[in-house]
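As a starting point, one isolated chain is supplied in structure tokens, in the form predicted on its own.
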């Protein structure tokens, strides 16, 4: 089976969970005997190589000829950031006047890859590439699978960009099949976008085997470290993490709280920690490169994911693989597969603080959680995910 896949993030470029997911999916599809033609906005150096994997440069797809500048699409790019990037380009006039026009420009160009790329299935990830997948389907008339890792109603629950929502809805309606990363996300697609349930298959994300460090001993220290790892945005709930930290620190002072990541809420979060007079116990690392993520897991004792809306939450699997007990919001997909994680509503900072304190004070609770997590992680593999994705492909044959 030959797959024409449209992604927008792939190692070594990783800004979030999709890069990890796309890498795991592609590797396991190849191991299952599929051939993958992967189209990316930017082809970087040091990409994973395999004889059955080919990277497609969209600049080679403009069959009409003429100048076609490198697409200005990056992970988690917003409208203002796009305009700032565009201003720095030598041939700025060749780009879309705004982010939405640039996405359409990319789609028109990237979709033409279907003309000269043999394929049986078109597979697009998220809103930045679904229009390209739709263009490819228009050209080749091959089945289109829309893999939903996140939605606009997750990313900006209080400030939805209508243009992004409209693209997502258009893609969801046009796709022959939809893959949702959780039942949580499937329900949102049904309720918020009006898509029929029978069109949607749930395929849970997995864990890269290279991330597992279950037997690595923890360093000895005289304090505990509680970790938040993710973008510092409204969706990820870092504000609730800090509020819970304040409540924990009112009970005991031998706890340090680390927020690893970057985002638009960083200045406000730093101000809030100063206002609460807990800055000496709160540490902001900024964005961490992939090789540093394992180090921060290794140095931590508890992992917290207080997301307002989280389609899945791969970082929870990674944290659990580093012998970390995890506390996760009920508003997440990963809560469906980590049955022995501690779960709270993202807004309930009293309960979140109580869970952190319980893990600090009762080692037996942590031990039991890790035992069950270890068993569940063994079943959450990308090979299993690929098997389910291939079943979706076969249903369209």
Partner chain sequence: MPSVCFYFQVHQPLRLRPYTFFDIGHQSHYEDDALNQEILLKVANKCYLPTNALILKLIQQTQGRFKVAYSISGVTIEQFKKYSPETLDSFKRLADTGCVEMLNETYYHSLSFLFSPKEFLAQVQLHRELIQQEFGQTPTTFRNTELIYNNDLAKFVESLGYRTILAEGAEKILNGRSPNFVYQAQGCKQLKLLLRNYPLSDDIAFRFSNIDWEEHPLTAEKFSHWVHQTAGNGEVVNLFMDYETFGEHQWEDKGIFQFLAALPNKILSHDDFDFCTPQEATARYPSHGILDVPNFCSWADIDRDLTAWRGNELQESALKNIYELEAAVHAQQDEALLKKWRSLLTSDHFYYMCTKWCADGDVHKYFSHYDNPYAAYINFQNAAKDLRLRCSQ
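Treat the numbers as computed from the prediction; the structure is a model and nothing was measured. Positions refer to the first chain, counted from 1.
In what follows, reference is made to the form predicted in complex with its partner chain, a form of this protein that is not presented.
A.B. asks: Against its partner chain in the model of the complex, would residue 336 count as a contact residue? Criterion: heavy atoms within 4.5 Å.
C.D. replies: So residue 336 does not count as contacting its partner chain.
A.B. asks: Flag residue 247 as yes or no: does it have a non-hydrogen atom within 4.5 angstroms of any non-hydrogen atom of its partner chain in the model of the complex?
C.D. replies: Contact check for residue 247: yes, within 4.5 Å of its partner chain in the model of the complex.
A.B. asks: Please determine whether residue 54 contacts its partner chain in the model of the complex, using a 4.5 Å cut-off between heavy atoms.
C.D. replies: Residue-level check for residue 54: no, no contact with its partner chain.
A.B. asks: Wondering, does residue 47 line up within 4.5 Å of its partner chain in the model of the complex on heavy atoms?
C.D. replies: Outside the cut-off, so no.
A.B. asks: Heavy atoms within 4.5 Å of its partner chain in the model of the complex is the criterion; list the residues of 359-374 that meet it.
C.D. replies: 361, 362, 364, 365, 367, 368, 369, 372, in sequence order.
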